[in-house]
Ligand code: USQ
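Just one chain is shown here, as structure tokens, and it is the form predicted on its own.
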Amino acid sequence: MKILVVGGDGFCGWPTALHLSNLGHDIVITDDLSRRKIDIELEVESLTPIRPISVRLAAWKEVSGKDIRFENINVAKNYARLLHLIESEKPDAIIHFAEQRAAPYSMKSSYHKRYTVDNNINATNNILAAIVEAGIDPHLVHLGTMGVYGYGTAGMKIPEGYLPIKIETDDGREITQEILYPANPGSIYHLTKTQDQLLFAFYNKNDGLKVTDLHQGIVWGTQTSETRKDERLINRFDYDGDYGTVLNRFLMQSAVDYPMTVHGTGGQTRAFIHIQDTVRCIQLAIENPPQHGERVQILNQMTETHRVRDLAKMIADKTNAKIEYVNNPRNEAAENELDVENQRLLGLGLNPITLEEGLLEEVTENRQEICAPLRQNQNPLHFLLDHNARNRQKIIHALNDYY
């Protein structure tokens, strides 16, 4: 199968491209390398060293014998080049990762809000419009977010995309319908993902496009079986206040003997999935496309839920790290429930890696990566400040910033 991975240099896109290439698919990556430019803007790099895309691709060819081609295209702006690529390659599937993915980053300023909207919504619409104009029939797989549902509770399990409703008409009849689950975005980033849903529904209804939208939880883990094959293939480990997840931040804090900072009561419940399961879910989605005439297929791509305080305790039990409760800078409920339906991917064969079983390995690898400078009698925190940022204060903020 020929697969176009749009945004294939990113945290989820890169390991997905390798995973699918390893399965024998013909992979073409397109990316404008914007995530690398954001590293420069924020002055905080991935803890793991990310090699240039040309080095990554050459390393994959060396260890696997397989070619992955690369096109540098900003799909939100360069519609003509995107259209030409789709027309010439005629992919069987297109995987859409080409969106700015950090909620805190999307809320930093009016510039970041406008950039996130311009990039994310235009990228989605351009891809959909190009598929129609090219006159081909690929399966579009999009990486969405659980955040479209919000983090409140309606006293029910969140369904996979669609909510059955009953409406009583003025003449006493009862009408049953299914609608998209009401969106409740908590950031500009999440707002763009809710707009993606409407774009997919329109192009599916109007142009018959086959679309799968994967609503993903927080991704944990750094490596997949493919990225482990060579150090030049290693995936990102972001720990800063914009792109670092709550788990990565806790791991970083515990590794440098800095108290794990839990905001508020730590009663915020979040959905999680390992990066290896992410690439496996995308594979399962590609292998099980919706049929012509079917509506957009929506799958909840998560495997478990945890409260933030329980996550901190899980890490503390393995590392003897301390936990510190601090005021919550976010405007959010102190406690929330999160009950999510996720049976469809499990039914397709997903065998999840759980936090309980996989966290020890992640903790061990993370501490080795951070504490390697100790062999040269360096303080690991000082090493990070010197090696991984040009602005020391940003690292201090990163260790104590948003989830």
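Here the structure is a predicted model, which is why all the values come from computation and not from measurement. Numbering starts at 1 and runs along the sequence shown.
Beyond the structure shown, there is the form predicted together with the named molecule, which is absent from this document and is the topic of what follows.
Residue Val308 is the only one of Ile158, Ala201, Ala316, Val308 with a heavy atom lying within 4.5 Å of the named molecule in the predicted bound form. Proximity to the named molecule in the predicted bound form, defined as a heavy atom within 4.5 Å, singles out one entry of Asn126, Thr261, Asn235, Asn288, which is Thr261. The candidate stretches are 68-76, 86-94, 100-108, 276-284, and the one lying within 4.5 Å of the named molecule in the predicted bound form by heavy atoms is 100-108.
Although the partner is absent here, Trp220 is not a contact residue: none of its heavy atoms lies within 4.5 angstroms of the named molecule in the predicted bound form. Although the partner is absent here, Thr245 sits close enough that one of its heavy atoms falls within 4.5 Å of the named molecule in the predicted bound form.
Residue contact check for Gln268: one or more of its heavy atoms lie within 4.5 Å of the named molecule in the predicted bound form. Using a 4.5 angstroms limit between non-hydrogen atoms, Thr145 touches the named molecule in the predicted bound form. Residues Val308, Asn328, Arg330, Glu332 of 306-332 are found to place at least one heavy atom within 4.5 Å of the named molecule in the predicted bound form.
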